[in-house]
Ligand code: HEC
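Form predicted on its own, single chain, as structure tokens, below.
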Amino acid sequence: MGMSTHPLIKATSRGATFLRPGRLALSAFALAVLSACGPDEPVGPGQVGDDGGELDARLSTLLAAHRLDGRIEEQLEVKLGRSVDERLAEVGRLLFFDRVLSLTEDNSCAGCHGPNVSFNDAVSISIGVDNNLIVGENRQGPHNLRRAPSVVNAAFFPRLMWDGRFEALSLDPFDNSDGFVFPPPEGTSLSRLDHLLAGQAFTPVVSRIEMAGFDFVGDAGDIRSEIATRVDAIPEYRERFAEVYPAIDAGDPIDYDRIAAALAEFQFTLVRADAPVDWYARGDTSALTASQKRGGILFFGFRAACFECHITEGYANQMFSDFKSHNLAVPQIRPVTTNADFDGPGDNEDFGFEHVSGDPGDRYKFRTQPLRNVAYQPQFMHNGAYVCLEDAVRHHTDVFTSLDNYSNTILPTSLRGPMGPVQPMLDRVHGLSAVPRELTDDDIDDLVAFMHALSDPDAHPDRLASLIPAEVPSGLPLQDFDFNSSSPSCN
């Protein structure tokens, strides 16, 4: 293979000041500004300011109060303290799509985080090993436990995974000074790595249901050593790593630390956080429609109260998540065929964050989803229970009605196993979800419109297709990325 370097998308170094890590409580000034906005009354079409005036005044005030300045994308290299190494990122890109990282050689990182679905999961609940090599709605094989989260913008996330089991104790993924915490056996041992994403790269490859399979004899360390040995035996990978690491050029073998560093470096190039809401925050009031502005006012207002969990200030890095775990009473989906262990007497529940904390009070809790680029997802919630963004929004605003109306027939037949019980979730549902919000259909439409305004055009699948390499150094065929998946009818 040739050694041409892929033109990585998105220059990220523009220079700007930034908030130090750690959530900032709303300042006295911000609270005063919010109070000055007056009651959180409905803002209906044609009611006030559709020409921009009053809507802009209210929304701009709210964005400033919540520290959304639309410049987080500029902060990547500031937070890294260096430029992204394009040579290492290119190695990481090739590894991300290369099935050599899977001991079964039938999966890759891209198998569950496909560019054809904006680096989300292509199916509601992931299919890892024993798949049919398709990345799209026709992917087949035994399902895992949850949907794989998007890796776009994950460089800014202080907690990773749906149950938040990977965490930077400093609440800053760029800062390992307080340690990175992972479940046993890793614990804090990965704190030696420079970024939380590098630690995360240690885990999917050793998961038996995701990438490792069930035939290899050995523990997690043995699996990583075997993967590193396989990668080290490929001349092009040695050549590419040697360009970055003099020790490899001098003859040292490729170890897994360097593989993980390359995968993290590639993900640094997947920052896509320049959406219409950011253009608006930087002063372009024409960037949002009147409906999106009304939706933003609802989102940051007390009537919808989305901002309570989908925060933007401080450690949230303008990602629209508090990165904490909450119980939203999401319908419990159980696949017909699975290689994962489900919870409960019916083997059809997912206890979520309880597995991390050990506290039964954390049962059914899952990490708040960051909302950037959410409109490009093919499904929603930790298990893809909803396939329409509007339905996911409605669930947030009235879980009782949503659960009453829910049917898993909206999902593929492979996910229509016995559903988990509802009442145990409702008995401990998050306080904000325990009281339905009084929102009209127009309000829901406006909130959904605002969700679309959080999506960076460069995160659209069509803009990401060029990241798929023509071939990978191992010589293994690439998986089939289906960019023509049908969309559900969402009214």
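For clarity, every value in this text was computed on a predicted model and none was experimentally measured. Don't overthink the numbering: it's just position in the shown sequence, from 1.
Separately, the form predicted in complex with ligand HEC exists; it is not shown, and the next lines address it.
Asker: Answer yes if any heavy atom of A459 is within 4.5 Å of a heavy atom of ligand HEC in the predicted complex; otherwise answer no.
Answerer: Output for A459 is no: heavy atoms all beyond 4.5 Å of ligand HEC.
Asker: R334 versus ligand HEC, in the predicted complex: is there a non-hydrogen atom within 4.5 Å?
Answerer: No - in the predicted complex, heavy atoms of R334 and ligand HEC never come within 4.5 Å of each other.
Asker: Would you please decide whether I127 lies within 4.5 angstroms of ligand HEC in the predicted complex, comparing each non-hydrogen atom pair?
Answerer: Yes, I127 is a contact residue.
Asker: Taking ligand HEC as it sits in the predicted complex, is R272 near enough to touch it, meaning that at least one heavy atom pair lies within 4.5 angstroms?
Answerer: Result no; R272 lies far from ligand HEC in the predicted complex.
Asker: Select from the listed residues T368, S291, S170, N116 the one whose heavy atoms reach within 4.5 Å of ligand HEC in the predicted complex.
Answerer: Filtering the options by heavy-atom distance leaves T368.
Asker: With ligand HEC left out of view, which of L103, V231, L415, V330 would have a heavy atom within 4.5 Å of it in the predicted complex?
Answerer: Spelling it out, the residue with a heavy atom inside the cut-off is V330.
Asker: Honest question, do R87, I134 and L464 all end up within 4.5 Å of ligand HEC in the predicted complex by heavy atom distance?
Answerer: So, no: the whole triplet misses ligand HEC.
Asker: Which among 70-78, 187-195, 283-291, 260-268 is in contact with ligand HEC in the predicted complex, heavy atoms within 4.5 angstroms?
Answerer: Selected stretch: 260-268.
Asker: Give, in sequence order, every residue of 132-150 that has a heavy atom within 4.5 Å of ligand HEC in the predicted complex, or say none if there are no such residues.
Answerer: N144, R146, R147, A148, P149, S150, in sequence order.
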